[in-house]
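Just one chain follows, in the form predicted on its own, and it is written as structure tokens.
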Amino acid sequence: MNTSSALSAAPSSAVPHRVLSGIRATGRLHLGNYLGALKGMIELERRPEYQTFYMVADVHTVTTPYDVEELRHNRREIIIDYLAAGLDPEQSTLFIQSMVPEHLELAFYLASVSSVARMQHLPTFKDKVKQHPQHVTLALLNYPVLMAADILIYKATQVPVGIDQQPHLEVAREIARKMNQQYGTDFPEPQRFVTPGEYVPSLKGEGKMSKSVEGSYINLTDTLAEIEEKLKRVPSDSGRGERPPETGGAATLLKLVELFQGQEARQAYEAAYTGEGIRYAQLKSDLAEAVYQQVRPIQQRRAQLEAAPASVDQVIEAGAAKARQVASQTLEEVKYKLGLG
């Protein structure tokens, strides 16, 4: 959910286009969340052609096994992370999903035009079944429908999500079409933003950074020493070859260098790889410092927010009220179209 390529395609209409984005309440935010979501969310909220709604997707968290007390803690922590990263509650509606019950009611109505077979065939559902074979619930099956409700209840036209969420977004478009055709609603068909930082590789050398994969990520709250230690554990190769690595831990390091030190730094390392060789110890040390310089201001703002809990509470309450104003209006329209209003 980042920016530059997405923003170049921004609509020129004077009427604000709504954007909906959210992060599950499964733990502290990491570099993947920051580059793939938060940086883009911040830039989008500053553009007058967008009206931005950013939520903590705590209801989605209960679709897979979780710890109750951790969820209570994490949902507030993500709001603090949003604010610390630079999101402005005066410009964006920041809210916790469960505090806007209209999402859940709309999801039930949307489920009436969604088939079980369609949900079962989604690759994301199949992946979760493999991960949690003893927790294949109706809530998990219904995850894409709830996501569609999250988007459609604000009539969002743009959704900054990663490529892994593309199948869910296609479900949201299908549901919007069906509702419009069967009941005469006016849901837009949301589009995905494609952004440069949408894929941040895992420190393990395979896949992307994920809160569900221990050892794959760097938290926004990590100290310089913690960042250095995590980067030391990234697997590497000999540091020299005929062509720069495209997979594995060495490729992860080069991608992180590109993201945090720039394209020129990456090119210099690639030239070294095919020449005199890369000294990974120095690369990791320099990279750790570059990462820390980006997260340090966030950590400083976070400390200020943690010292002012009442102001955080106010943001949470005000955000829920603002979100419900829009969500309740959409829900009433839908209920009327379905013959329930």
Ligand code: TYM
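What you see is a predicted model; the values in this text were computed from it and never measured. All residue numbers refer to positions in the sequence shown, first residue = 1.
If you look for the form predicted in complex with tryptophanyl-5'AMP (TYM), you will not find it shown, but the lines that follow are about it.
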| Closest heavy atom of Asn33 to tryptophanyl-5'AMP (TYM) in the predicted bound form, within 4.5 Å or not? | yes
Exercise for the section: Would you please decide whether Tyr199 lies within 4.5 angstroms of tryptophanyl-5'AMP (TYM) in the predicted bound form, comparing each non-hydrogen atom pair? Expected result: yes
Quiz item: Tyr143: heavy atom within 4.5 Å of tryptophanyl-5'AMP (TYM) in the predicted bound form?
Solution: yes
Q: Indicate whether Ile23 is a 4.5 Å heavy atom neighbour of tryptophanyl-5'AMP (TYM) in the predicted bound form.
A: yes
Partner-free chain; cross-checking tryptophanyl-5'AMP (TYM) in the predicted bound form, the single residue of Gln261, Asn219, Thr157, Gln165 with a heavy atom within 4.5 Å is Gln165
In the predicted bound form, the residue from Lys211, Lys204, Lys230, Arg76 with a non-hydrogen atom within 4.5 Å of tryptophanyl-5'AMP (TYM) is Lys211
| All three of Ala37, Met147 and Asp150 touching tryptophanyl-5'AMP (TYM) in the predicted bound form at 4.5 Å, heavy atom to heavy atom? | yes
Counting only non-hydrogen atoms, the one stretch of 50-58, 306-314, 64-72, 281-289 within 4.5 angstroms of tryptophanyl-5'AMP (TYM) in the predicted bound form is 50-58
